[in-house]
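Heads up, the chain below is alone and in the form predicted alone; it's given as structure tokens.
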């Protein structure tokens, strides 16, 4: 099912949704677009956000359950999961959801993740204006959403072409107040196709030399000891990646308390360190190599999908200015170009 949402109907539609769902959308926070609960402000539906909406499904910190001891017996209470809708998720993040679904949905299943996943509707926004770091088209994860969405929107200037991807998506169109969605016609679809083809061309011109095979060869030939010396060990590339999913768990409180899960990363030395103090990945160079191997060797074997969606966030966030694709430190000209983009 296809429909057309005029620009002036966007906020009324979000208000309509918020009457029965928690609406998560990108909004402007001190000049940065951040996904959070929408409260009536104009949504920032432009470009890709530095922080991924994946955090709705995989928060940086979450309580798995609370426990109370009474006369030697424990009772457990799991947090209630609200029904939510994420509006504006870019196709690269949507592809990351598909990867995480396979990871957390395989045995043993991750019940906290799946509970949030089942309670969350996804409204994708196709990428018609790729940012300076984006290469989703090269990784076959954009610029248009292919699957996994309930509703896909494309900004065609005068409004949004909406395409339902599930029964829930049809209800998102038909179940709203009358007059918000209009009938889509051939001109709307033609505008969408032109915009998406232009976005593909931009990324192909800028990053046409990128391929999974190229990076796998770079992994084998990279000077990991040198790259390790350049890395600042901040873990930013991992914490900002929509596919990275390492975590640690801690029980806080005795005898009553809560079990908390926190995002973690294999790039930090403590993650692989064993109780006797030994560390099989003792140097940052070894941990960087392991990070790449997980994305381009181990995850494809495990899920059938590459662990990179071409969002470019790791390139954008890297304080050491390491070219994450060529596995080399940027030269002076590239550093200047990076500063101009920022």
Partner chain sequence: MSDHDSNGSNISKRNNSYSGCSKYSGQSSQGSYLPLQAEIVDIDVESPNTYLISLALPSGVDFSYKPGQFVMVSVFGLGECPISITSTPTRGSLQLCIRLAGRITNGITDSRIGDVLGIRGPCGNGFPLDRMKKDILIAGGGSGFATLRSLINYIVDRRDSFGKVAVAYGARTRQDLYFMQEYKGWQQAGIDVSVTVDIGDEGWKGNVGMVPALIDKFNLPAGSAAICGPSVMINAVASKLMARDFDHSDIYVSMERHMKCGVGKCEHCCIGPYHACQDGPVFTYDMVKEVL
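What you are looking at is a predicted structure, and each value in this text was computed from that prediction instead of being measured. Think of the rigid core as the biggest set of C-alphas that the two forms share within 1.5 Å after superposition. Residue numbers count along the first chain shown, from 1.
Although it is not shown, the form predicted in complex with the partner chain is what the next lines describe.
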**OP:** Name the stretch: of 116-124, 183-191, 204-212, 152-160, exactly one has residues whose heavy atoms fall within 4.5 Å of the partner chain in the predicted bound form.
**Re:** 116-124
**OP:** Counting non-hydrogen atoms within 4.5 angstroms of the partner chain in the predicted bound form, say which of 172, 199, 138, 87 makes the cut.
**Re:** 172
Original post:
So in the predicted bound form, does residue 217 come within 4.5 Å of the partner chain, heavy atom to heavy atom?
Top reply: no
Original post:
Does the partner chain get within 4.5 angstroms of any non-hydrogen atom of residue 286 in the predicted bound form?
Top reply: no
Original post:
Is residue 14 close to the partner chain in the predicted bound form, meaning a heavy atom pair under 4.5 Å apart or at it?
Top reply: no
Original post:
At the 4.5 Å heavy atom threshold, is residue 42 in contact with the partner chain in the predicted bound form?
Top reply: no
**OP:** Taking only heavy atoms into account, state which residues of 232-256 are within 4.5 Å of the partner chain in the predicted bound form, ordered by sequence.
**Re:** 245, 246, 247, 248, 249, 251, 253, 254
Subject >> C-alpha of residue 221 off by 2 Å or more between this form and the one not shown on rigid core >> reply: no
Subject >> Cα displacement of residue 186 between this form and the one not shown reaching 2 Å, rigid core superposed >> reply: no
Original post:
Taking the rigid core as reference, does the Cα of residue 73 move 2 Å or more between this form and the one not shown?
Top reply: yes
